[in-house]
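Take a look at this single chain in structure tokens; it is the form predicted alone.
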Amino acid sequence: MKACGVIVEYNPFHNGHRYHLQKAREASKADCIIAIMSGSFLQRGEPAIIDKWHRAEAALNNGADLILELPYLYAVEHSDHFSHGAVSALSEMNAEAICFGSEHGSIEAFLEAYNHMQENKATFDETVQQHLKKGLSFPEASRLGYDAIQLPDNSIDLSQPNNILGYSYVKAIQSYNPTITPLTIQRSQSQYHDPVIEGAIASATSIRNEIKQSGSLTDSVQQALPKETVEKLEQYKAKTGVWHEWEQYFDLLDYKIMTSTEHELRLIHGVDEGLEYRLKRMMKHSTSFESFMKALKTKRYTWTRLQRTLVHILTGLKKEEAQTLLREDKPGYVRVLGMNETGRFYLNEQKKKIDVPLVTQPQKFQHPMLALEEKASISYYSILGRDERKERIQREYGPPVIV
């Protein structure tokens, strides 16, 4: 069987994601579509709106055949680590292609940009470091680095979020396993950060914004989602009473920061350059997550970077542990979250060919990265009532979803 990988968050799974899966299958001519999906917390440092199991089931009912979990350590990271974690796992699962959505839509342009960057890497790196020393954020310093090496006229626009991620995927493929074929599908209609729903294809950002503002699944939200996602959102809210968002974690975050010393905060992954003092100072006067973030954000500390750091404070992830694990080239395991019959058949066919442990029963497997996943899950479910929280945490040790 031939497999194509997609790298996803599904927060929540919407019609644009279903379109991507359809086009990925067409472009790759794959028998099996493998989605590697972030779990409880996401790349921008946000909690997923509903848990991984409901999101996985919605995806399996709309075109995905096999769902793998992108480990927490990679999922809540900048694009290079995020991409390496996802690409290395898909490579170990013997995916022949990886297909991603982008604003540009031409894989040749991504490959040209990669080759140009390799030829001018020294200039790019030097420019980025110069601007970081001036106090600019990494995204802004990188933008100036791209300007310095002058990408070809027909190249990708690396100020666009999906182009940035796509470029990181291409880099990871070329460095980890260049035999994988990279493919890209142009985003249809909506853009990544579009704030308002304007039809059946809408950004996940606009969908979450409307759910948050209305507190319900409005007609416009429902038109942008497959019926299975609507059902999963309704089921999760009925059972737990929440759709997860940062504001619900503010009291816990307040407690964690204010009961930690500056030295203890300094040990947390992402707390650099004296941020520990700023965290405690700004938390003293903040009464909500939004007010805290507005006070905390600076030119150097972007909103996304800060959110990732705050997730690591919740989970207690230490710099030393993170840096040790991120240095590992090969994934320590691949965890299966869900599958349909096609996915099950592919797994059975590949079992003897896969070199890394394949985890379907996490309670029987030990690995430092899986231990981090447990901490992330406990933190994620911490806002739920006691009985529901215990039940959800116990589910983390259970078998994959079968559709």
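One-based numbering along the sequence shown. As the structure is a prediction and not an experimental result, all values here were calculated from the model.
A second form of this protein, the form predicted together with another copy of the chain, is not displayed here; the remarks below concern that form.
Within 4.5 Å, heavy atoms only, which of His367, Arg44, Lys375, Arg344 is in contact with another copy of the chain in the predicted bound form?
Only one option qualifies, and that one is Lys375.
Please identify the residue among Lys121, Lys212, Lys134, Lys284 with any heavy atom within 4.5 Å of another copy of the chain in the predicted bound form.
Here the answer is residue option Lys284.
Can you tell me which of 246-254, 135-143, 90-98, 229-237 lies within 4.5 Å of another copy of the chain in the predicted bound form, counting heavy atoms only?
Among the candidates, contact is made by 246-254.
With the partner left out here, if you bring back another copy of the chain in the predicted bound form, are Thr261, Ile313 and Arg386 all within 4.5 Å of it by some heavy atom?
All three within 4.5 Å in the predicted bound form.
Find out whether any non-hydrogen atom of Ser288 is located within 4.5 angstroms of another copy of the chain in the predicted bound form, and reply yes or no.
It does: once another copy of the chain is placed as it appears in the predicted bound form, Ser288 has a heavy atom within 4.5 Å of it.
Residue-level question: is Gln22 within 4.5 Å of another copy of the chain in the predicted bound form, judged on heavy atoms?
Gln22: no contact with another copy of the chain in the predicted bound form.
Can Lys319 be called a contact residue for another copy of the chain in the predicted bound form at 4.5 Å between heavy atoms?
Flag for Lys319 set to no.
Ser379 versus another copy of the chain, in the predicted bound form: is there a non-hydrogen atom within 4.5 Å?
Contact check for Ser379: yes, within 4.5 Å of another copy of the chain in the predicted bound form.
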